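One chain follows as structure tokens, the form predicted alone.
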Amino acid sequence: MFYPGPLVALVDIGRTISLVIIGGGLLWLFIRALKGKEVDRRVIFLFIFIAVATPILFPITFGEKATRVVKAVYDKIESLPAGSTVIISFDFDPAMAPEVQPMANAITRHCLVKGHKIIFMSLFATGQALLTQTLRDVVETEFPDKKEEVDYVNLGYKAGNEGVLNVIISDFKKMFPTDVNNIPYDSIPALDDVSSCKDVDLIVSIGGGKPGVKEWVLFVGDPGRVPVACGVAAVVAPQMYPYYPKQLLGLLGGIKGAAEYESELIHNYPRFKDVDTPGLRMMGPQTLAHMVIITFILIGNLSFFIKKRKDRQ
């Protein structure tokens, strides 16, 4: 969320007042705990509300450092020579988009700044519309010099689930005779050196549903010996870890994974400092709320031991 100049001071004031209220309130709770007094649960709910609302109304971001599993995806894209080909498959629906679309945007941004060619596609019918959003918000807006069909190609959605993967691992053209603009496969420069998935340098599946990451690994990654990475919703991430690091070179899990990738990208490419980073933005409410909850736990335990000590006396 970005604010024009006149509102910056107001946002800073609002952020400061909110943090003072939270800090002062926690101090008040701590003092009551020392005195062994109970706190109405509605006060707790109020604190959680303020902790979540403050970073939304007055953006607060916290520093993120890429973990090893996220850094593996970043390093792979970073190390590929310019002109490499990356498949980014939008295998998710609108319900999952708030968590995983930021990953797709960040990875797309990284691939384009490195000069890689991108093959966009989707195994989900709803993925086509979400793919179009990334093309509009990231590719066309931030990289106006990149040409469709030359630097990237949009193959769109193809029905068939695993059947699609079974075909494109040996013959891309058979399943995608044209792109979404009805341009013949053989007339697309970005696909000149790609006859099958075995000819690409990396596959990134974004989503976590079915078909999705598992199918890419089982039907393309393993048999074709093609590196596969993924970005999935937080609830799906634990199911993917058994595939790491042999079958999945890395994975981004939930908003935390998206925020880590965005942070790593901004750290290495300052030009992206002012672009929208929804992952980092959404981690603000989550982090602050967790900090408040942890403080509640500490205060609650302190109150328990104080009361226990008084009872013994």
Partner chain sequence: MALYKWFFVLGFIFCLCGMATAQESGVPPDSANIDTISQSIPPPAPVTDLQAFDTRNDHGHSITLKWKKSADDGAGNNSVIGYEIYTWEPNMVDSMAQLRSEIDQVRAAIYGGKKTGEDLKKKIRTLKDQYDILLEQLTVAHAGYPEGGEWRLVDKVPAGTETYVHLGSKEKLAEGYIPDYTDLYYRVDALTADSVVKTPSVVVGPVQCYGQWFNTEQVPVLITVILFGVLILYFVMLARKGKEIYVRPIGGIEAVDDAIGRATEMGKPILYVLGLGSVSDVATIAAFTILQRVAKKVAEYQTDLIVPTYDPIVMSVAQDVVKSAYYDAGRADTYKEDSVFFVTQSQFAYVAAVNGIMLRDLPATNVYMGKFYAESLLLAETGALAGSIQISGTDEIAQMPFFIVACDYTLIGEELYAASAYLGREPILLGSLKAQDYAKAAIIILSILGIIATVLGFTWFTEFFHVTS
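All values reported here derive from a predicted model rather than from experimental measurement. Residue numbers count along the first chain shown, from 1. We call the rigid core whatever largest set of C-alpha positions still superposes within 1.5 Å between the two forms.
The form predicted in complex with its partner chain is left out here; the points below concern that form.
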Each of Asp75, Glu148 and His267 within 4.5 Å of its partner chain in the model of the complex, by any heavy atom, yes or no? no
Given that its partner chain is not shown alongside this chain, does Pro81 nevertheless sit within 4.5 Å of it in the model of the complex, heavy atom to heavy atom? yes
Hey, in the model of the complex, is Glu142 touching its partner chain, heavy atoms inside 4.5 Å? no
Would Lys198 count as a contact of its partner chain in the model of the complex, using a 4.5 angstroms cut-off between non-hydrogen atoms? yes
Using a 4.5 Å heavy atom cut-off, state whether Asp93 contacts its partner chain in the model of the complex. yes
Once the core is aligned, please say if the CA of Val275 is shifted by at least 2 angstroms between this form and the one not shown. no
Given a core-based superposition, decide whether the C-alpha of Ile44 shifts by 2 Å or more between this form and the one not shown. yes
